[in-house]
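What follows is one chain in structure tokens, specifically the form predicted on its own.
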């Protein structure tokens, strides 16, 4: 029984949007030279492969369905109306692939690749002696990054945070980019009152600390994943809008724009046919470079308690849970290490690929 969840629908809508953007991008005349420039850089190739692996994990975690209930003999269970009953919790493809570590529950903390529990327990021997020992694990040596307080595998929790980071980064970008394009092109090309109004709006938003807007929005509409994406999209379009506005002001003074206006081409058509394609390289570069900052922002917001809910797997929640673990003795560091490794791989790959893409699309850097 497929499980239709809003977040899963958002994932596939985001995939469709990214696919459409990539299809548009490869049709541009500067794509062949940009592709050759990217292929010559080893860091760009490796980063692209790592990003594809992260995307694959996010997609596998978004395809979920509930298994049918069965009795001890393996027969299907039905209700009084003859309808089949299903498990209460849906399992994604990632959950099923990670069954060996997902179901390897322990009692509490255990160090990476350990064979015994981290904490000690009191045991009464047959001769009446009371001793303190670290009991053996149910699955010794299976937990690559150890287990958390309730015995769940930290590596599996880290993989569950990939989908949250990808949705937040891509969904927020798809909210911010259209706003930046619409207002930036309108302000730069039309000028006058429209330019003044747009500048007033983004200057006002930029003058207010973004964290205060996010806290106020979350308190007003409640804490949730969708609300977080919306408010981060609202607060992150202003920087790109300024870049698009400046580029549009430069483009409107060029000769082919003046020729189009002299021939009677409608202004909206000029914006779509001439202004928009010439600012897309800025948009693509800014979107890739801002993606990493959005992923880090989720971790910070979850750390201070206004990010995604505790029921959602995220690296921010892992960092939040690791606050007290670092103060205990012995120190439990692997929960923080799992979140750090996950963010480092995604953010570093996005930054390296964005830097290579910027160099490939910048005509001033071409020989």
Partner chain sequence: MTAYIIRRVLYSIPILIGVNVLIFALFFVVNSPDDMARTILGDKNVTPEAITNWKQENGYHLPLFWNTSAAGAARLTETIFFTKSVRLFVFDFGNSDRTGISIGDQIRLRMAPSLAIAVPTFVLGLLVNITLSLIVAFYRATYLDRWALVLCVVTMSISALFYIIGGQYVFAISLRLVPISGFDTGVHMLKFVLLPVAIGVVAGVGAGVRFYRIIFLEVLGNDYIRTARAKGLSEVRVLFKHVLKNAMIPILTGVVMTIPFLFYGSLLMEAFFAIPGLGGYTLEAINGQDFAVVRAMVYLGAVLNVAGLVLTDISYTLVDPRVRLG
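Positions refer to the first chain, counted from 1. Computed from a predicted structure; not experimentally measured.
Just so you know, the form predicted together with its partner chain exists too; it's not on screen, but the next bit is about it.
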For this session: Name the single residue among 88, 193, 220, 263 that comes within 4.5 Å of its partner chain in the model of the complex, judging by heavy atoms.
Result: 220
Exercise. Heavy atom within 4.5 Å of its partner chain in the model of the complex: which of 158, 248, 173, 297?
Worked result: 297
Exercise. So in the model of the complex, are 211, 319 and 336 all sitting within 4.5 Å of its partner chain, heavy atoms only?
Worked result: yes
Problem set entry | residue 21, heavy atom within 4.5 angstroms of its partner chain in the model of the complex | no
Exercise. Any chance residue 200 has a heavy atom within 4.5 Å of its partner chain in the model of the complex?
Worked result: yes
For this session: Considering only heavy atoms, tell me if residue 55 and its partner chain come within 4.5 Å of each other in the model of the complex.
Result: no
Exercise. Applying a 4.5 Å heavy atom distance criterion, does residue 352 contact its partner chain in the model of the complex?
Worked result: yes
Exercise. Where does its partner chain sit in the model of the complex: which of 31-39, 58-66, 321-329, 44-52, heavy atoms within 4.5 Å?
Worked result: 321-329
